[in-house]
Each structure stands twice: as structure tokens, then as C-alpha cells.
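As a starting point, one isolated chain is supplied in C-alpha cells, in the form predicted alone.
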């Protein structure tokens, strides 16, 4: 079943605030094998001008994956048919421990090619004051019938 193109442009309600903790950053750093001292040492982060430890550039996937679930559910996408196609991040500023972040997910594109559907979402992540932090684009390929 093809994805419904009428979803393009649809935005979903903001997620509840997510508090970025040092321990969550450390867990992520360990999982990806990052080595930058500012990722785990508050003193190193402050020496670089940050208020606390800095999350690796791909850390927002922790938040945006959950924010995009509403789109997956609304479109009735089965994960067994999904292949991750692309991921992009555009930062206004780094994510640091202590941030409270909110996500708004928007469907940017739905298209079909070669019997497969392509879904592109953009999740805009902002801080508790509403200031932009990062935008994250995700492209999923939903495989057609074989």
C-alpha cells in the first residue's frame, strides 16, 4: 500500500520536554565510541566555552526517533519493510547536558520510485525557551511488495 501524499506538510504536536543528562550523554558516547573529552568531562567542556558536557552531533537521534513515531503510526508503516535511507543534522548550537529539548516533527516529502515509497521528515528541536537548537532530516525507504 502506497504512502498517502496528503500527509506532506503535516506537523505533529510538540513532544514533552526531554532533559539531557550527563549520564545519557555518557551512555551515547560509549555506544558510539566517541573520544572527545568535552563529551564526558565538564571541565573540558567549560574550557571550550560550553556550560556543561557536550553531546555528540548525532545525539539528537535519541529524541527525534521518538518524535517521528507519530508519523510512522499515522501512515501505518511496518518497520519490517523499512530501510534507513538518509540522516542530516543542521545545528544552531550544540546540545549540552542540562538542556530541556522539545521536538516538532513535520512530513516534508513522500514520493514513490521503483515500487518503493520514500518518506522524509524534519524534526525541529528547540530548547525550553523555544530557541532553535538543531533540525534533523530523516529519509526512510518503505519497500514495496516483492
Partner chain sequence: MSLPESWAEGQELPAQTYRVTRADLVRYAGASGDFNPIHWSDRIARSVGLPGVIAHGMYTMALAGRALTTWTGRADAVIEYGVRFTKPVVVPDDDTGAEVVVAGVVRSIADGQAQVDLTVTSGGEKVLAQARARLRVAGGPAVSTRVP
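Numbering follows the first chain given and starts at 1. These numbers come from a predicted model, not from an experiment.
The same protein has a further form, the form predicted in complex with the partner chain, not shown here; the description that follows concerns it.
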Q: Have a look at 111, 104, 61, 77 for me and say which one sits with a heavy atom within 4.5 Å of the partner chain in the predicted complex.
A: 61
Q: Indicate whether residue 22 is a 4.5 Å heavy atom neighbour of the partner chain in the predicted complex.
A: no
**Q.** 4.5 Å heavy atom contact, residue 43 and the partner chain in the predicted complex
**A.** no
Q) Looking in the predicted complex, any heavy atom of residue 115 within 4.5 Å of the partner chain? A) no
(Q) Can you work out whether residue 67 and the partner chain are in contact in the predicted complex, taking contact to mean some heavy atom pair no more than 4.5 Å apart? (A) no
Q. What residues in 15-47 sit within 4.5 Å of the partner chain in the predicted complex, counting heavy atoms only?
A. 24, 27, 28, 30, 31, 32, 33, 34, 36, 38, 39
